[in-house]
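So this first bit is one chain, no partners, the form predicted alone, shown in structure tokens.
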Amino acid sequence: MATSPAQSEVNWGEVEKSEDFTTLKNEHRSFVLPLSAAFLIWYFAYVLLAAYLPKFMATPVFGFVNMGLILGFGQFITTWAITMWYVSRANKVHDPLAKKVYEQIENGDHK
């Protein structure tokens, strides 16, 4: 991939220090890190419940459906919900900030 002359003159250190890039980075981290931590805790809680409390996981809820199946299905629902939330947040917050940084680079504001 060839770079244009304008791109080769970009001062990437200045881009990284810019207020808009810092805002983008902070917005992304403040959303992704806590959500990732919460999901990992939920995921490992499910694994630990299955490993150490099999009787609880085998507790019937209705018919052949037990707690393990309900919590396992909850993992899928949680993953889907987090994905939808992230896409929505990216469209509303992260993408406009990234576009602003990109436009500044294209305009030569960071040489």
Partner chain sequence: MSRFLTEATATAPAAAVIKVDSVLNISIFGVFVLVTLFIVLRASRSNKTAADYYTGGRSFSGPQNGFAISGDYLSAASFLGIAGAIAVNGYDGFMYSIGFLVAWLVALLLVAELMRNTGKFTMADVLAFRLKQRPVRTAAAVNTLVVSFFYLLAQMAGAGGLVALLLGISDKGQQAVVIAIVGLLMIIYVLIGGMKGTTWVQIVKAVMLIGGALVMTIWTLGHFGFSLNGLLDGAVNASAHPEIAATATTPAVPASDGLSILAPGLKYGANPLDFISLALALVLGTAGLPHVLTRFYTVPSAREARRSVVWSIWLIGIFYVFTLVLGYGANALVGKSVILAQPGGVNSAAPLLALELGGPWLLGIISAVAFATILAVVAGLTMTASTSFAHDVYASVIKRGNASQTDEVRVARITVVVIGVVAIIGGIVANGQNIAFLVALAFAVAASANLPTIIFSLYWKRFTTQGAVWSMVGGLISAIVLIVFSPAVSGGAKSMFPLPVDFHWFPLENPGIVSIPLGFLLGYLGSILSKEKEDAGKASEMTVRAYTGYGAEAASSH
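Computed from a predicted model, the values in this text were never measured in an experiment. Numbering follows the first chain given and starts at 1.
Keep in mind that the form predicted in complex with its partner chain is not shown, yet the notes after this line are about it.
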Query raised in the report: Wondering, does Ala45 line up within 4.5 Å of its partner chain in the predicted complex on heavy atoms?
Result: no
Query raised in the report: Is Glu16 one of the residues lying within 4.5 Å of its partner chain in the predicted complex, judged by heavy atom distances?
Result: yes
Requested in this report: Determine the residues of 45-65 with a heavy atom within 4.5 Å of its partner chain in the predicted complex and present them in sequence order; the list may be empty.
Outcome: Tyr46, Val47, Leu48, Ala50, Ala51, Tyr52, Pro54, Met57, Ala58, Phe62, Gly63, Phe64, Val65
